[in-house]
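Next up is one chain by itself, shown in structure tokens, the form predicted on its own.
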């Protein structure tokens, strides 16, 4: 407790030294928003030991080795596997836009967040206020909102349908540092887009990336989102996504976690319109003592909506997997269909999985279900494969790949699926 309090003070003092805590009449909107965020962080502080939301992922575990607040020279990934695929390609350094494309499709705007605040204030201002006040996230979100020096802004204009994905290569990070990126994605009415993010291995050691992604999906818009996380075995990652949907919109996010020491995906989606469709999917492979926590909330506010969640995990080598998913149905949100499933395989006695699916329902005309299963590999299936002459190790990999494929197959990009299936096979064969 005392160490966390000391760390909170360190962050507040660092902010005060950089920007100052007191409001200024000459401060711009961006700086004022950051000051509000640090005040929200100071009021709430880090989640304490008794916090239910962090029951299986205590914050002291994240902060046992406090990251450096000053960033050193970034190091870059040697391999960007999606860089040759058709689409719009962006690169970031410490989460900040470094190489905007020269040519963009009509209807697509990409810029820094601060630049967008000047050119499109009506699209940005409300999101800054909401996250900075702490009303849409926990301490990690407000901390990132306070310290993010800038951010990435992606806007898909009304009626724009992008034929190819937007690929974001988070290609460079500073070793052993605290990196706090920020991103805002807005899909206007009747638009359609696919955003693919890749965080490859960079050799940056115990880098701690604490980021917030704010998504706004307007009426009848369709937005797909994919995050592939492959940082090194010492890396820490808090990925907080806040999505808001309006009538007849479709939003899907798929989080593939294939690396890192400590990973927490906070996924918070509010279908705030009728006839919304929401999909949350995830796959993680936890090895070598790593800890992966998927924490989701789908908050149904309006009636006649559909949501579905599928999360799968493979855990071995003294690792821990966590799934804590809640579906909330408000009193006026009648005729909701909501489904949630968590499935995990534990490969040895030193590893653990904690699953806590939840339904909180205040409406009476709904169809909702949830379930969680955790087990070992099927001995009968292993015996069948071995009886066909397949060596034990290869049989094990075949079954695990089949288990993971349900989530990977939900990605509608052939080249990305092929890459992921190859990488999963490599990880499981080690």
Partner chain sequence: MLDIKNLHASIEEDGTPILKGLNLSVKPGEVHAIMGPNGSGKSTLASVLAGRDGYEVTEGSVSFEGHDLLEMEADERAREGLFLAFQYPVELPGVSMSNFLKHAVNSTREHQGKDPLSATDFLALMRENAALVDLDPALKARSVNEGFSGGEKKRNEIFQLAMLSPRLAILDETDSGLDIDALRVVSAGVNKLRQPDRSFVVITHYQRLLEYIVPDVVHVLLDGRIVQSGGKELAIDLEEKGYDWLREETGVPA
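Remember, predicted model here, so these are calculated numbers, not experimental data. Residue numbers count along the first chain shown, from 1.
As for the form predicted in complex with its partner chain, it is not shown, yet the points below apply to it.
Put simply, residue 385 is close to its partner chain in the model of the complex: some heavy atom of it is within 4.5 Å.
Shown alone here, residue 399 lies within 4.5 Å of its partner chain in the model of the complex, counting heavy atoms only. In the model of the complex, its partner chain sits beyond 4.5 Å of every heavy atom of residue 69. Although the partner is absent here, residue 51 is not a contact residue: none of its heavy atoms lies within 4.5 angstroms of its partner chain in the model of the complex. Only one segment in the set 55-63, 42-50, 401-409, 28-36 has any non-hydrogen atom within 4.5 angstroms of its partner chain in the model of the complex, and it is 401-409.
Counting a residue when any of its non-hydrogen atoms is within 4.5 Å of its partner chain in the model of the complex, there are no hits in 219-243.
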